[in-house]
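A single chain comes next, written as structure tokens; it is the form predicted alone.
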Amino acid sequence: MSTPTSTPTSTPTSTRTLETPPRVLPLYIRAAAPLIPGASLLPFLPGGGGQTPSMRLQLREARAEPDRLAAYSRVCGFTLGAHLPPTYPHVLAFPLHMALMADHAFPFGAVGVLHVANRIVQHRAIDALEPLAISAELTSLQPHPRGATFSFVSEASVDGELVWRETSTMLRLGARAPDGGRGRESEPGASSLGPGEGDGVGRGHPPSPVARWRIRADLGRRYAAVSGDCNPIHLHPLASRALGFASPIAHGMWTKARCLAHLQPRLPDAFAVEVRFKKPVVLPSSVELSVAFDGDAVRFLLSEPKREIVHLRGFVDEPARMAQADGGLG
């Protein structure tokens, strides 16, 4: 787990400051264009580099729009209040993620990229009306048995004070990490979530069921409308089938947000939460949330017990204690 002063595995060679967030739809088109044979040779499309670009994007000021925040809270199950849900800054950073993947130096298109882990450190509660400075940059490609991984490292600050930090780790199926990358990156969550891939989560007694949710077939479209993440794999059966899924799948960040919404009354103002996304939630589905409390720490699991499928394994703790537990990802 990173400490608040840690830095990404790469040192950006350039920083671009934006006054307004990039428009996501054109970026999706650019990021998906390398599916067309030879398209990556064009100078304005991704696929021109062998390594992730050493670039930092920063948005000078971002604010939550009240109507959109209210809609996001409804879809994810948060109680609307004076503070942002802990996952909401991800929505503000997402256009920067897309801009990084749409850059010509990015080594491949976004189609086929899977979200495999996510870590958020909230250093204090964030007022829903506070203006946030948002930044995002990339770690280097690292080898993985199924391809290559990289991470978006995003930060939100208020008047120079770091209030939120996220590491979103992505897997590009079939990609190859070049030799001599910019630094090795361990799998996030390996220590804090505990060993093994069973239905327990780390140390202590097993989590117990606390909630069951029936997830509608249109969840992907509803979450896309409030988050801006319009990846076709979440939206329509034809797109999901083309990418190997029988039906659309739920966004990983919705599953994390839904779990945290249930835990919202128990979350302190400052905490760290990390999840590993295991099996996608195929829409529609019925899922079960299981939770175990261990002092200030919380372990949770999202699953389909009848089918013995684990969708998500997560852990909440104080930032310093989780950092001490695994000392992993930058």
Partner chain sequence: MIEKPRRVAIVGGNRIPFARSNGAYAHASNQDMLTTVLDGLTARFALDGERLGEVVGGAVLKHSRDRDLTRESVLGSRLSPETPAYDVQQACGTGLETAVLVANKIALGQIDSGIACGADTTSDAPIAINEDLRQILLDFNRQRSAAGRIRQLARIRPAQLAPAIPRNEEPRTGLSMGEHCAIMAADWGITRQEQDELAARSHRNLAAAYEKGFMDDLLSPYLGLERDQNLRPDSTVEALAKLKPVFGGRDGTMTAGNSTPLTDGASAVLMSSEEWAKERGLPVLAYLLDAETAAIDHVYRREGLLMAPVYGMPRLLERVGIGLEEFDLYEIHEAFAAQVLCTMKAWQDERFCRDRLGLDRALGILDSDRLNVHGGSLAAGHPFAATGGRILAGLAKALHERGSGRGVISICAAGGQGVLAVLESSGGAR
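Residue numbers count along the first chain shown, from 1. Owing to the predicted nature of the structure, the values given are computational and were not obtained by experimental measurement.
Just so it is clear, the following notes concern the form predicted together with its partner chain, a form of the same protein that is not shown.
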Q | in the predicted bound form, residue 208 touching its partner chain (heavy atom, 4.5 Å) | A | no
- Is there a non-hydrogen atom of residue 265 within 4.5 angstroms of a non-hydrogen atom of its partner chain in the predicted bound form? yes
| So in the predicted bound form, does any heavy atom of residue 129 sit within 4.5 Å of its partner chain? | yes
(message) I'd like to check something about residue 246: if you look in the predicted bound form, is any of its heavy atoms closer than or equal to 4.5 Å to a heavy atom of its partner chain?
(response) no
Assert contact_stretch over 142-150, 226-234, 76-84, 157-165 against its partner chain in the predicted bound form, heavy atom within 4.5 Å, equals 76-84
